[in-house]
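Only one chain is shown below, in structure tokens, and it's the form predicted on its own.
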Amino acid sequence: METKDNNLISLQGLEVYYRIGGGIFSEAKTVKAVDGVTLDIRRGETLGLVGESGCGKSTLGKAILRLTEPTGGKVFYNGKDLAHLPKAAMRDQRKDLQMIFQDPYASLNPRMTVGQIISEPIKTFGLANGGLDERVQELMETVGLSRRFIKRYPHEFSGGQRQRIGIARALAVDPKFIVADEPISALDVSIQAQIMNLLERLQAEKDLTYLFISHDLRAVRHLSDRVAVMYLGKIVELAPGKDIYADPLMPYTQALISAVPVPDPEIEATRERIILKGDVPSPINPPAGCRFHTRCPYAIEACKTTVPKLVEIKPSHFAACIRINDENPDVDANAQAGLGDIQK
């Protein structure tokens, strides 16, 4: 099977399960970190992936690149299922698929100079056709670092500069797709804007495709063409960025967006925060039916048993909620009558 022409990456039922525990007196348990995710990432777009900590965002990104091994499902890139490629064949694909890591302090080898860090992937893929230092210095200038820093070590740089080094390393092999895993969360607010602007500029110049993973909805709103919302291993809403902020359908998405502060103090004072009750359930033993029903203020009895499918509610706007899916035969008239309540 091949990906559609406008899709660079296509996930089909992707799963990442972990077995934990188990011994003489106890059974092993299964953590469903990513549970049956089907998702397309279009060429040249930035797909934002948001959700609470522990919902599976980073695991999903790493599973696409096989940094974490999928336990089920498929990941199509250029007609090839990356999830089932032999390791030797997967290594050949890594040139096109790179990652920017969350922690700019832990993701750089402290014993290597900047030049060595950035040049390592170039040498790994046999792309050093002379002029290696010149290529590294060009990459440094591309991400806003001075050429004269090539002999310096990571500890001599600020957090924002270290993240630029990580971005240069990801760009070194001219990738087509980059997973940006919380690339600004460890940085000061003033530096965050610089890194976001840099990512935007590089995308325009190099025709890059991003999966931008973040819990910062303001950053996602600024960068993303479409936004996918993840909860307990599943995608629960997917829509163009402007639509999902203007008209969120899932109660979970509504709660996330209500938590984003507004710069205008007068508007902020009149806004109503949606406070979710209870804790996020354990991925070891997720709730039956809709996984959000234990915290949802609009849950009905059917939510406890019916697993909602991610369906198109409005043009290009998908949601997984039986109370807003009027095509679901398992929902009675009383449930459908609650549609207006959810969308208020």
Ligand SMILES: Nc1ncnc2c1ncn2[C@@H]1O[C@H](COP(=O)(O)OP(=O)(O)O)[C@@H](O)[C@H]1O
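On a predicted model such as this, the values are computed, not experimentally measured, just so you know. Each residue number is its position in the shown sequence, starting from 1.
The form predicted in complex with the named molecule is left out here; the points below concern that form.
Remark: of stretches 295-303, 47-55, 271-279, 310-318, the one touching the named molecule in the predicted bound form is 47-55 (heavy atom within 4.5 Å). For the chain shown alone, V31 is a contact residue for the named molecule in the predicted bound form, at least one non-hydrogen atom being within 4.5 angstroms. Although the partner is absent here, P70 lies well away from the named molecule in the predicted bound form, with no heavy atom inside 4.5 Å. Although the named molecule is not shown here, in the predicted bound form the stretch 280-299 places heavy atoms of just one residue, P283, within 4.5 Å of it.
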